[in-house]
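The chain below stands alone and is given in C-alpha cells; this is the form predicted alone.
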C-alpha cells in the first residue's frame, strides 16, 4: 500500500485529511538472542517494512484509533488513558502516549487525535511488528506533545522534541516503547526491538550493549550473499508466559551465581568464568538458560568481528551454533523453527541459519549465496511443508533506516 492510498483511507475514515505521516521499521536480529534482558549485546538491523502512522487533530478531546490491518476501532478520552481489556491492539499506542507524559511531566496532551495505522510486517512473525508500532507512536506523539506545550522550548538549533540531540532522542523513543511493552503488554522484554526500530541505519546492523545502551553501526557488506528471512507461519506469542519464564530462570541463575561471584547480569560472564561458576547453579533448568546466554554473548562478539573482517563463512557458522544453543539450552525453537533451520543447513550455498526473535514460532534468518536463493526457497519450502504441513514464506531482506517523519 502506498502512502497516498493510506492518506485516502484516512480521509475516508475520519472525514479530514491527515496532517502528518510517520514510519518505523521492523527488525531482524542477525545474532544475539535472549541476551538483551541479560545485559548482553545484540546485533539487529532495521528492515524496509514496518508500521505507518497518520494523524490529525480533532476537536473532541478523544483519541480515535483505526488500523488497516485490524477490524477493531477504539475511541479513548484523552483524560482516561489506561490499558484496554482483551489484549486490545491500541494498548501499544496508548501505553506509549501514557509513558511519554510520565517520563516528561512537562508535556501535555491537550488535543484529541484521529489516528490510522498500517503495517506490512507479517503479524506474529517475530520481526517486531509491535515494536514498530510503539516506536512510530512514540515518534509522533513526542513531537505532538512538544508542539502542544508552548513552555517546551527546543532551544536554538535543536531539531528534536524536548531539546534532545538525534542520538539521545532515538534512544528515548526506544525506551518509551520498551516501557509500553512492560506495562501495557505484560512482556518483560529487553530493549533490542525498539532500539533497532529507532536507531536503524540503511545497510548497517547495530552492535548494541543492552546494559549501557552504547552501540555501533556496523556496515553489512555481503558480496554475492543475501539475508533471507523464512516465515514459519506459526505465530509466536511472547505474552504466553514462556518468555517471562525464561526471564525468571535467568534471574535465578544470577542469584545463585552471585553467591560465589557477584554479578548483575549473566552477560558479565566470559566462557572461562562460566567454567568456574556453573557449579553454583543448583537449578538444572536455570543452568541451561545461563549456559546459552554466556555462549551467545561470546558468539555475538565473535560474529561482529567476523563481519568487520569479511569472514562471512565464520559469521554463518556462528549463526548456526546460535540456533543449536537456542534449541537445546534455551528451548525456544520448536518443531517449526527447527524444521526450517535443519532444511536450510542442507542447502549448498547457505552459510548459516538460525531462528530470530523471541522464538516459539516466528522466523529464521539465513545467509544465502545469490545463486542458491531459488533452490533455497524450493527445497526449504518443500521440506518444511513435509515436516509440518505448513507453507513458509521467504523474504530477501533489505536493511533500512530507523523511524522517521515522512510528511
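Positions refer to the first chain, counted from 1. Just so it is clear, the model here is predicted, and its values are computed rather than measured.
Note that the form predicted together with a small molecule isn't included here; everything after this is about it.
Engineer: When the small molecule is placed as it is in the predicted complex, which of 354-362, 53-61, 335-343, 66-74 ends up with heavy atoms within 4.5 Å of it?
Structural biologist: Looking at the partner contacts, the answer comes out as 354-362.
Engineer: Under a 4.5 Å heavy atom criterion, is residue 107 part of the interface with the small molecule in the predicted complex?
Structural biologist: Answer no; every heavy atom of residue 107 is more than 4.5 Å from the small molecule in the predicted complex.
Engineer: With the partner left out here, check for me: in the predicted complex, does some heavy atom of residue 32 sit within 4.5 Å of the small molecule?
Structural biologist: Residue 32: yes, in contact with the small molecule in the predicted complex.
Engineer: Answer with yes or no whether residue 243 is in contact with the small molecule in the predicted complex, where contact means some heavy atom within 4.5 Å.
Structural biologist: Because a heavy atom of residue 243 falls inside 4.5 Å of the small molecule in the predicted complex, the answer is yes.
Engineer: Using a 4.5 Å heavy atom cut-off, state whether residue 190 contacts the small molecule in the predicted complex.
Structural biologist: Answer yes; at least one heavy atom of residue 190 falls within 4.5 Å of the small molecule in the predicted complex.
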